[in-house]
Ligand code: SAH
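This document opens with one chain alone, in structure tokens, the form predicted alone.
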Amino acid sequence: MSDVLKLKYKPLIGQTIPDLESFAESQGEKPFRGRQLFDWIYRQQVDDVSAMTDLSKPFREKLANVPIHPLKMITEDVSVSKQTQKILFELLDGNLLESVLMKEGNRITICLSTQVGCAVDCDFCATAKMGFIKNLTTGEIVDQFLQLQKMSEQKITNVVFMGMGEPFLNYKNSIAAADLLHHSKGINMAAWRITISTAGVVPKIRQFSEEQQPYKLAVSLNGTTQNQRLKTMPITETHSFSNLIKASKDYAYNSRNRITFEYVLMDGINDQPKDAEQLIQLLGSIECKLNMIPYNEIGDVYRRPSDEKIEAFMKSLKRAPFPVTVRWSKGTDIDAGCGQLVTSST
């Protein structure tokens, strides 16, 4: 079937049970056929219509005209350690995005993108160099999971919305994608295994809290003062550092969920022991954990601190009343580490 004909229909991945019930009715079928389709796509993760054996033959013939996947896998890069895979996908409109699969023992984590490019423009991030191109649809976000799961020999255990883009600037579709991942009649991933990250879009943090979203929240902090953070994260001009800390504190208090702060350590920018002391003062009263991420270099002016500086920084954090870990990014040899995802459209 030609691509032109297929584009007459919205891809099935990304559609909810009510969506698929309506679609089935539009094809002259009973609504329960839509529920069967939901089961095949999300719970059984089958994308071959001919294998959907409880659908009627006439319905299967109609489905031959309908695209299932909104994404097409283009290339796969595997790290030397074999523990990280970076996948390049093409959207139906020709734009490109990257996703990452990481293995650590029995823990299989995938990093999903929510935008092509990014509007936040963090100065140290490769994705920011692309500028903002478009928000991904719910289906384009979920399809990353479904295709990576098909590639993985083990079941995906954790999902982080930390790939290309700012999830909270594509809030509606990011939450809808998380809901599909969590749906009990579909993929059925536990909410606590799904983490949504933000660079600090304060109104959306508040909305996330007010809606009592069940998913985990991560905030990219990367500084200890307004001026320090503003040097690398222009979003701080719109959403101030003090408002970000207050919104994060309110979220942790009201949701009773521990918030994760991400802190990218950059040489000469935010890696002094006094910064560690300031972090203890800032975060000490918040139910949180702190992930320290030594900077992944992308060929610009920023550098990763020396091992000695990282060790000194961590030593200063030993008396912190919250858990602190150093998260060494995997797959940096294939540019799959935090802040390294970047594509160019064909």
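As the structure is a computational prediction, the values presented were derived from the model and not from experiment. Start at 1 and count along the sequence shown; that's the residue number.
The next section is about a form of this same protein that is not shown, the form predicted in complex with the ligand.
Practice item. Look at the candidate spot formed by Met162, Thr198 and Val264 and say whether the ligand comes within 4.5 Å of a heavy atom in all three of them in the model of the complex. Key: Yes, all three are in contact.
Check your understanding: Only one of 251-259, 123-131, 272-280, 185-193 gets a heavy atom within 4.5 Å of the ligand in the model of the complex; which is it?
Key -> Contact criterion met by 123-131 only.
Check your understanding: Would Glu166 sit within 4.5 Å of the ligand in the model of the complex, counting heavy atoms only?
Key -> Within the cut-off, so yes.
Practice item. Report yes if any heavy atom of Thr224 sits within 4.5 Å of a heavy atom of the ligand in the model of the complex; otherwise report no. Key: Taking the distances in the model of the complex, the answer for Thr224 is no, it never comes within 4.5 Å of the ligand.
Check your understanding: Is Asn296 a contact residue for the ligand in the model of the complex, using a 4.5 Å heavy atom cut-off?
Key -> Yes.
Practice item. May I ask you to state whether Thr84 is within 4.5 Å of the ligand in the model of the complex, using heavy atom distances? Key: Contact with the ligand, no.
Point to revise | Heavy atom within 4.5 Å of the ligand in the model of the complex - residue from Thr138, Ser220, Ser99, Thr236 | key: That would be Ser220.
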